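What follows is one chain in C-alpha cells, specifically the form predicted alone.
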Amino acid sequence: MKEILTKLTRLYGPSGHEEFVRDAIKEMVEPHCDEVIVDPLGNLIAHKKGSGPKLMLAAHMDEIGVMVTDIDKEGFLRFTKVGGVSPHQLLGQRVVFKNGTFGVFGHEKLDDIKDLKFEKMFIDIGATSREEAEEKVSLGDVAVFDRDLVEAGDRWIAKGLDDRAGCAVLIKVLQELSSSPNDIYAVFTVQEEVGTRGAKTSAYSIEPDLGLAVDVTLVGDTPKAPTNAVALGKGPTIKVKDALVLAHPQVKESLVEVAKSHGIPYQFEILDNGGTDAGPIHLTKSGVKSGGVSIPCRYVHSPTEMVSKTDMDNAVKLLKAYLTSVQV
C-alpha cells in the first residue's frame, strides 16, 4: 500500500489533467482485470467480469489546484481555484505546474489577515518580467501542491490523499480479489472536485445495478473540532448521507452485515456538506442503489492531509468481502 500511495500522491493530477495518474493506475490494475478502457471524458474503467449484477465502484483521480488567470508586468501570476481551495490554506505553500515549474504563494499588504482573498494573492515563480514568466507558464495552466508522502506512526501525511487514498484502496482490491460472482466495474473518475462529472458519464455508460463511492471523509477527532463522530484509526466509514446522496438502506445495511461478520471495524459517515461520486451514480437513468465506503481523513483539501494505515487496510478488507458476498 505504501508503494502505491507514495507513487499516486507524488503525481500531478488536478481536475481535467488526470492523465499521469490514469497511466500509473492502468499499469497497476491491467494485469488483474479482464478489460481496461479509457472513456471519452478520461475515466479509467477496469472491468472484472462476472455473471452476476453490475457493481460499480468509483474513486476519483483528480486533486484540487489553482489556475493562472493573469501575468503582471513583474512576472507575478494571478490565479483562481480549481476545486475547493481556501486562500488561508495557501500561505507559505509551494506549488508545481505540469511542466515542472515551481512557485510559492504570496499576498499583498493586508491590514487584517481576515481580509485575505484570492484577488489579493499571487504566485511567485521567480520571474522578473511578464516575458520571462510567459516562457514558463501560460494563462489557463494549473498548479497543485508540492508535498511528498511521509509516515507518522500509523498515519500517512501527503497532498492529494483526497482521493488518491481511495484510488489506492481500489487498486489493492483489484489486485487481491481473485474472483467474484458479481460483474465488477472499478472506475477511477475524473473531475470529481469540480462537480462529480466523471462519475456521471461513466455510470450512464455502465448502467450499474449498485454503486459505491470510495473516497475520504471528514473527522471530528482533533481538538475542538466540529461535532462529527468519525476518528482516525477506528475503521473505514459506511455512508449514511452527504449533501448529494442518502445511501440506499439496503446498501448501508449489507455493508454493516459484511463488516460485522468479518470482524472489520467500521464507522458511520453523516455529512451535512460535501459529496462524493455516489451522488451522480444514484441518479443515473432510472436510479441506482448507491452508498459509499470512505477513509477518515484529517485536514481535507490542505497540502498535508492525513489518513490511518489501518483504516485503509480495513477498507480493502471490507470491499473485498462485500464484492464476493453482496446480493443486489
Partner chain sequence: MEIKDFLEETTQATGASGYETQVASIFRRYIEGVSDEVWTDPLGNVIAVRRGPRENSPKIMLAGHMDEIGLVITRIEDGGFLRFTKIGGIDERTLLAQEVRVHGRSTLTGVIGAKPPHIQEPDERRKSVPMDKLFIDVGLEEEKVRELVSVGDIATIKRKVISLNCDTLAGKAMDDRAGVAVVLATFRELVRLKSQVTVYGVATVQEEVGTRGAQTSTYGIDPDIGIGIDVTFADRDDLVEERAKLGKGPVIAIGPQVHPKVYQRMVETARKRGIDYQIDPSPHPFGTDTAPIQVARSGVASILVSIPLRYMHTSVETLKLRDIEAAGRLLAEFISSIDAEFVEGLSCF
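Bear in mind the structure is a predicted one, so any value in this text is a computation, not a measurement. Numbering follows the first chain given and starts at 1.
Another form exists, predicted in complex with the partner chain; not displayed. Remarks below refer to it.
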Query raised in the report: Though the partner chain is not shown, can you say which of D272, E35, E27, D70 has a heavy atom within 4.5 Å of it in the predicted complex?
Result: D272
Query raised in the report: Here the chain is shown alone; which of V85, V104, V240, M121 has a heavy atom within 4.5 Å of the partner chain in the predicted complex?
Result: V240
Report summary line: Of the candidate stretches 147-155, 170-178, 106-114, 245-253, the one with residues having heavy atoms within 4.5 Å of the partner chain in the predicted complex is 245-253
Requested in this report: State yes or no: in the predicted complex, is some non-hydrogen atom of K289 no more than 4.5 angstroms from a non-hydrogen atom of the partner chain?
Outcome: yes
Report task. Considering only heavy atoms, tell me if H282 and the partner chain come within 4.5 Å of each other in the predicted complex. Result -> yes
Query raised in the report: Might N228 be said to contact the partner chain in the predicted complex, defining contact as any heavy atom within 4.5 Å?
Result: yes
**Report entry** Exercise: G220 in contact with the partner chain in the predicted complex, heavy atom 4.5 Å
**Finding:** yes
